[in-house]
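Just the one chain here, the form predicted on its own, laid out as structure tokens.
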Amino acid sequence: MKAKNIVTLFFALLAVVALISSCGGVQGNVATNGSTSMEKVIGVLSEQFMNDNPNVNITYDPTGSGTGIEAVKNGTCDIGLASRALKSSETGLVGTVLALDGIAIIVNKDLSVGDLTVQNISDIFTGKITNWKDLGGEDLEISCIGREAGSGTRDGFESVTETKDACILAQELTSTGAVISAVGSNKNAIGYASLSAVEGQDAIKAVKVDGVDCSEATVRDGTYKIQRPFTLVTREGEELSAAAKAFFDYITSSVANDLIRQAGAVPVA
């Protein structure tokens, strides 16, 4: 091996060692707050980062996107979690897309209907279609289950289906898990939930939308129409603490892609 190549390799190895040492030396607390739909994603990323950096403690408060955005704005958390893009009115903040998430349209596993158009979904949630028989299913009155105002999942769903402030809900629930449970226990029901939360649930099924399954591949290529971003929210013009910055840099790098994918979301790095 030529001397020049040996020197180059030596300095490359030094850089790797310095990076490992730097990450291992990080310490402190990191507070995250927001979207309940991001629970699996932020959970696996936090666990791995804390395993690699035992002097860092990361907390997650599942309050919903709107509350998480407000928390980072008023300084009560380091990183806000929103399952939607920031609105133009949410100033003084920076949104960084961590991953993409399909919003699955879910029904009870025993319902015969398995494919709906976006227009069908809009008509169901606004009360224009009220019985499953009108969509080729059983003679059952449809029960719509949705999320509370301020939920990123609700905001994403209503934006795509153009049903903002027009949904007629039998139940308005405050978490993704509650929606899944409600739909799973009611054959008449329809709801919406994050793709990452739906996988592995036996009491429900995700219907096709315009003939397209909700999956990582169809979310990434854009053929599945009901999707939204998972967004990290930070304060504009303010430096994160060393621990928070190290965590932020880690989860937005390609190194985290496999973990994001394991949690059911679609990485973008």
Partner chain sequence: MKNHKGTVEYFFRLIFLICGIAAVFCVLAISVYLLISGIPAIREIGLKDFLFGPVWKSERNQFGILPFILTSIYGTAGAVILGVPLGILTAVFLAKAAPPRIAEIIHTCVELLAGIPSVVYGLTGMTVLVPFIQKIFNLSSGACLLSAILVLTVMILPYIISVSETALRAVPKEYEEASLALGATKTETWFKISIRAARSGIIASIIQGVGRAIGEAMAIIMVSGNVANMPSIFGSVRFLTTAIVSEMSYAAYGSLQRNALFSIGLVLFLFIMLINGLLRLVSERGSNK
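All values derive from a computational prediction rather than experimental measurement. Positions refer to the first chain, counted from 1.
Just so you know, the form predicted in complex with its partner chain exists too; it's not on screen, but the next bit is about it.
Among heavy atoms of I121, none comes within 4.5 Å of its partner chain in the predicted complex. Taking the partner from elsewhere, S181 is found to have a heavy atom lying within 4.5 Å of its partner chain in the predicted complex. Contact between E172 and its partner chain in the predicted complex is found at the 4.5 Å heavy atom cutoff.
Remark: R84 does not count among the residues lining its partner chain in the predicted complex, judged by a heavy atom distance of 4.5 Å or less. Interface residue among D134, E141, E162, D115 relative to its partner chain in the predicted complex, by the heavy atom within 4.5 Å criterion: E141.
Residues of 131 to 166 placing a heavy atom within 4.5 Å of its partner chain in the predicted complex, in sequence order: E141, I142, S143, R147, E148, A149, G150, S151, G152, R154, D165.
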